[in-house]
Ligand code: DGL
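What follows is one chain in structure tokens, specifically the form predicted on its own.
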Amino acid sequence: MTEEDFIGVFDSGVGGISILKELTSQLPNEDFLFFGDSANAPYGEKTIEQVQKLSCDLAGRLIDRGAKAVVIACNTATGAAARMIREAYPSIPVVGVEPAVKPAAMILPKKKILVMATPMTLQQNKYRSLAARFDAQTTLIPLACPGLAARIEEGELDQADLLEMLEQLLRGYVNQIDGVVLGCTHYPFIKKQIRKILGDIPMFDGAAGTAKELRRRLEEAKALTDRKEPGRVIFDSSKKDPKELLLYEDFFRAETTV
């Protein structure tokens, strides 16, 4: 592993680009290769065994291509496969993402916080253990959102059908909650649409924490680049369609800090 190597980032599709944006912001001189497994998206509605196999295969491919570190930019894949990937590649920094329950609970103690996530993320022991740590500090309300990540994969996020899907999911929580944890990396791309329904309430995602942990792990491994020029970002996908890569670039330019 050398400091000229790239950092591999993967997700089931476009969602991990919300993590990639934060990584490139905090580590602007590093090279990144983002791989979206859009041909198999979404992971959050597959079996844990399927997610484990897909995730381990993708991590292995990135490392074979020269990745000096791997970021699992998917909550579902992190919970299902991060430990397996770390055990398989103990010399490579492997960083995952988790629902931003901790920062939400610290900023909104004794409040009601909605946790939007895929069905699998909410079923995993990783999420349940995380939620249990903050049970006494705040009220976490899990909300499984089947189909939402798959719809975001299609783009066209201002279309009426997406807003209708969100209204069906969220109508029971209007004026009932104090904040939202976006527990899927796809969801930061629809903050504006969520706020149309729930109002201007705080939202939390795991991007900043993931970027901070990646920097720490690279420093620990003495693998941070010392170059001064901006790094490169390369996109690749299991869906071998040039339009898919153009969609990734559109999401990379999209606003996630609304």
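Since this is a predicted model, take the numbers as computed values, not measurements. Just count from 1 along the sequence shown to find any residue number.
Here the subject shifts to the form predicted in complex with ligand DGL, a form of this protein not shown in this document.
- Note that among 74 to 82, 87 to 95, 154 to 162, 128 to 136, the stretch whose heavy atoms approach ligand DGL to within 4.5 Å in the predicted complex is 74 to 82.
- Contact annotation for residue 36: none of its heavy atoms lies within 4.5 Å of ligand DGL in the predicted complex.
- Heavy atoms of residue 44 reach within 4.5 Å of ligand DGL in the predicted complex, making it an interface residue.
- Taking the partner from the other structure, ligand DGL in the predicted complex has a heavy atom within 4.5 Å of a heavy atom of residue 149.
- When contacts are judged by a 4.5 Å heavy atom cut-off, residue 184 counts as touching ligand DGL in the predicted complex.
- Along 107 to 131, residues 118, 121 each place a heavy atom within 4.5 Å of ligand DGL in the predicted complex.
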